[in-house]
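Okay, so here's just one chain, in structure tokens, the form predicted alone.
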């Protein structure tokens, strides 16, 4: 039955109620980001005005400081140029891409092996991975600190990549294992009957079938590394910070005065790529999330 037929049979009051609920939900969900984007082009006395929130809309102080212009890009210039936020963006790209590629490579091979293995130890490996995943991230990070200090490799990007892969690997293993279980073993056997080796069957037949699952798992792995704060803030030096710890540094500390508008502009800059990424892969994400739930 089509959506049009269902909407025709649905009572009008219920249709109005659902529409109002969806509109309210969208407004509540989108308003914080829209407000932040708007405020990123204002000066701090406007966006954080205690006198009236109308200052944030009309830019009273922004006009006074910018020859009548209600908008300013000083926050973005200060973040990207003065405080070199571009370095943090580059470090974030290196860390997230590396973590995603390594996690997917190990996860696809390990998930496929466990899904096709008939041995009892496969179950216990997954349980061990689940226990490892349930541990607080800060506990895992603290365990790596001493070896990194002894080897004199603390503060560089590979250290955070190693730890983030270790944190993320149980998740990718479980996700991809469930996707592999949804693919019939007949595909593997048919490919091997046609002359493929086990790895060729995996690469040429299985991976194309479950590609939406790989994309979905890869996106979640990307987001984990992209949004991480605890691991990167503890393992990276100030010169090698990723975007999230760098944004936190804009807020200042007891010893150093911060610039809140730099942080606001950096937050917008860090969030926009995520919207683009999700919009670009939305079909694969939906297909991947539903594929693992369908058996056979």
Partner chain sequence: MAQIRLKNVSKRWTNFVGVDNFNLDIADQEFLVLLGPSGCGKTTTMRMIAGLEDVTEGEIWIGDRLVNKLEPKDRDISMVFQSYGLYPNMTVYENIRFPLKVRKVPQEQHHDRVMAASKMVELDDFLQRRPAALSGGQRQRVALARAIVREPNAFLMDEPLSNLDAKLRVSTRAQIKNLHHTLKRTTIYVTHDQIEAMTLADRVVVMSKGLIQQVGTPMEIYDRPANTFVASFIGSPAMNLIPGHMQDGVFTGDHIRVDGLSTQVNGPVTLGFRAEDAVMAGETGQIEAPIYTVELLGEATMISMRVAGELVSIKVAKDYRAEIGDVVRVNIAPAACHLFDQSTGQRIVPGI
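Positions refer to the first chain, counted from 1. Please read these numbers as outputs of a predicted model, since none were measured by experiment.
This next part talks about the form predicted together with its partner chain, which is not shown.
Student: May I ask you to choose, among 209, 156, 93, 215, the residue with a heavy atom within 4.5 Å of its partner chain in the model of the complex?
Tutor: Exactly one listed residue reaches within 4.5 Å, namely 209.
Student: Which residue among 101, 181, 205, 89 has a heavy atom within 4.5 angstroms of its partner chain in the model of the complex?
Tutor: None of the others qualify; the residue that does is 205.
Student: Any chance residue 152 has a heavy atom within 4.5 Å of its partner chain in the model of the complex?
Tutor: Residue 152: no contact with its partner chain in the model of the complex.
Student: Using the partner position in the model of the complex, report whether residue 82 sits within 4.5 Å of its partner chain, counting heavy atoms only.
Tutor: No, residue 82 sits far enough from its partner chain in the model of the complex that none of its heavy atoms falls within 4.5 Å.
Student: Should residue 191 be counted as a contact of its partner chain in the model of the complex, where contact means heavy atoms within 4.5 Å?
Tutor: Yes, residue 191 lies within 4.5 Å of its partner chain in the model of the complex.
Student: Is the gap between residue 97 and its partner chain in the model of the complex 4.5 Å or less for some heavy atom pair?
Tutor: Outside the cut-off, so no.
Student: What are the residues of 163-188, in order along the chain, with a heavy atom within 4.5 Å of its partner chain in the model of the complex?
Tutor: Residues within 4.5 Å: 185, 186, 187.
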